[in-house]
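One chain comes next, on its own, written out as structure tokens in the form predicted on its own.
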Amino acid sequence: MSASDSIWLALLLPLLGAVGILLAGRIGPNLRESVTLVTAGALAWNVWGLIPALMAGERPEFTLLQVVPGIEIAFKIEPLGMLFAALASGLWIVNSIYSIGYMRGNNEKNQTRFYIFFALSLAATMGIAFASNLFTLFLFYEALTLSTYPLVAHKGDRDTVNSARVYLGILLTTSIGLLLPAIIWTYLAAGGGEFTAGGILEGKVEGPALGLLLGMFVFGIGKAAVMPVHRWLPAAMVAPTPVSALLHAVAVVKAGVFSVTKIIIYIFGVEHLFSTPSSAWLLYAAAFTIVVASLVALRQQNLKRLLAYSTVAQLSYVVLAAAVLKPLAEIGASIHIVAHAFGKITLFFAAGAIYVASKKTELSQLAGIGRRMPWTMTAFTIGALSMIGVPPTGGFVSKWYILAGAFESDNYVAIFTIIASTVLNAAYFLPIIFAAWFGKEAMDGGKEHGEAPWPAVLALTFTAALTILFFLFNGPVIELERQLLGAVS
């Protein structure tokens, strides 16, 4: 099979999986979940099989359809998209294993629907990762929003549906009101929207107009959760925990920061964009989001809401790194996409496991829980230390590179932001860890419990191990990023 064939197969496999899950769900849960796991494994095998060709310098392409002359639905493999696709496809396997334990252990309704829309969201994610132009990116960006809405609204009660509407409303309003006009402006100014090394806007959009266009893209891509278009993310915490993991680690927010980074590199052109004074606001917007979201997280008492605001802050590390404009920081951005995915999915897996086993959701209820759920809280501890940036976790590596890039450019705003947010991360994570391991469990008549079902524990243990292993083995990600930097320099 050629690399080009693998591109359309990456889009087709999750769609076929969704149909298979629908049919298998009529027979029984074991077959349904087997189809899910087989589909996830096949997608990962297919996507990861593209890496050798990419590393050898190939850039496979595939055009699905020409809508009108100059506007195509087309796909192309490049280093940044390959990183995103490999990460999402690999974590779908782990998330599927976790979902079996969580959905069964929590006796969730409509489980077949859950697995169907999860597969559809992965199809949209692959389209975003491999999009070769702005039009294709927009189509699959919207498809991801629509396919994840039923997952957010899964429980179906009034509060959940209202929160899901906030999720859908903010993401559609920002994309249609800002992102789509920005794409149309780009096509009219540049004569196209193809992702091109070095960008396509130099000499086409200059001065204050360039800064305005940048703002339309950054805030139009609401999934990047740059304040003030971040409220959809805490609202979506009404979803089942596997969906929260999808939102925070596997697809949705990663699609946001991936899209922002890809547009900066391939549409604006890094040198062109940041040689224009009107683009300087991006650094300050990212710094503001990091610090303020961390302060808001510090005040939360619900575990999932704390993790949601932590994600808002952590995402803007990628935006901040892009704005630093130094090779070390750009490498740090790519490493942080992966490190955050491993660490944050571990934290959400742990939060969900705690809920399944004990129905506890508030920080005040977690005292002493480490003694009842040692595997879960060990994984939580590793994920939290990665968010703080403590070795030997992947979060330390990404912060090291971003901070090194900031020192290289004498960017004191970035330096202060990273240090301040690290302190704030420690301020809201370390008390949870301490209370869980050394606190006295409240005698409140709660049910006796141990660990969550074994598939959930297996998944969170695996992702915690990945968080540490990524500290030691991050060379392939660095090599992919160097290919990207070499292409755009």
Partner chain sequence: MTALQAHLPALQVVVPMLSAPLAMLLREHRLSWALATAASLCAFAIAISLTLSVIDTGGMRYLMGSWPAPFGIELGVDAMSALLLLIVTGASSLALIAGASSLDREIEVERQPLFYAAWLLALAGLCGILVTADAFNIFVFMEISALASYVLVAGGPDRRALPAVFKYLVMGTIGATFYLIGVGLIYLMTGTLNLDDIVYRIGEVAEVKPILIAAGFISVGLALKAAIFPLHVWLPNAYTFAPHVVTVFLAACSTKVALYVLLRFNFVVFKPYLEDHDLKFAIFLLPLSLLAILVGSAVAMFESNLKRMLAWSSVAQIGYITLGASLVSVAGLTASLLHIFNHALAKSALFLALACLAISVSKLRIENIGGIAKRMPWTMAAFLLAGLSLIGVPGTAGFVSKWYLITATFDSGPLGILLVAVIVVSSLMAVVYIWRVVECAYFRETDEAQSAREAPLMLLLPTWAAVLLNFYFGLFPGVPLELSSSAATLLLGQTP
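Numbering follows the first chain given and starts at 1. All values reported here derive from a predicted model rather than from experimental measurement.
What comes next is about the form predicted together with its partner chain, which does not appear here.
J.: Among 74-82, 392-400, 138-146, 332-340, mark the stretch whose residues have heavy atoms within 4.5 Å of its partner chain in the predicted bound form.
T.: Stretch 138-146 is the one.
J.: Looking at its partner chain in the predicted bound form, do all three of 419, 423 and 449 come within 4.5 Å of it through at least one heavy atom?
T.: No, none of 419, 423 and 449 comes within 4.5 Å of its partner chain in the predicted bound form.
J.: Given that its partner chain is not shown alongside this chain, does residue 181 nevertheless sit within 4.5 Å of it in the predicted bound form, heavy atom to heavy atom?
T.: Answer yes; at least one heavy atom of residue 181 falls within 4.5 Å of its partner chain in the predicted bound form.
J.: In the predicted bound form, does residue 205 have a heavy atom within 4.5 Å of its partner chain?
T.: Heavy-atom contact with its partner chain at 4.5 Å: absent for residue 205.
J.: Hey, in the predicted bound form, does residue 56 get a heavy atom within 4.5 angstroms of its partner chain?
T.: Although its partner chain is absent here, residue 56 would stay clear of it in the predicted bound form, with no heavy atoms inside 4.5 Å.
J.: Using 4.5 Å between non-hydrogen atoms, is residue 113 touching its partner chain in the predicted bound form?
T.: Answer yes; at least one heavy atom of residue 113 falls within 4.5 Å of its partner chain in the predicted bound form.
J.: Pick from 228, 277, 177, 374: which has a non-hydrogen atom within 4.5 Å of its partner chain in the predicted bound form?
T.: Answer to the contact question: 177.
J.: Go through 187, 407, 219, 288 and name the one with a heavy atom inside 4.5 Å of its partner chain in the predicted bound form.
T.: So the residue touching its partner chain in the predicted bound form, by this definition, is 187.
J.: Within 4.5 Å of its partner chain in the predicted bound form, counting any non-hydrogen atom, which residues from 159-180 show up?
T.: Contacting residues: 161, 165, 168, 172, 173, 176, 177, 180.
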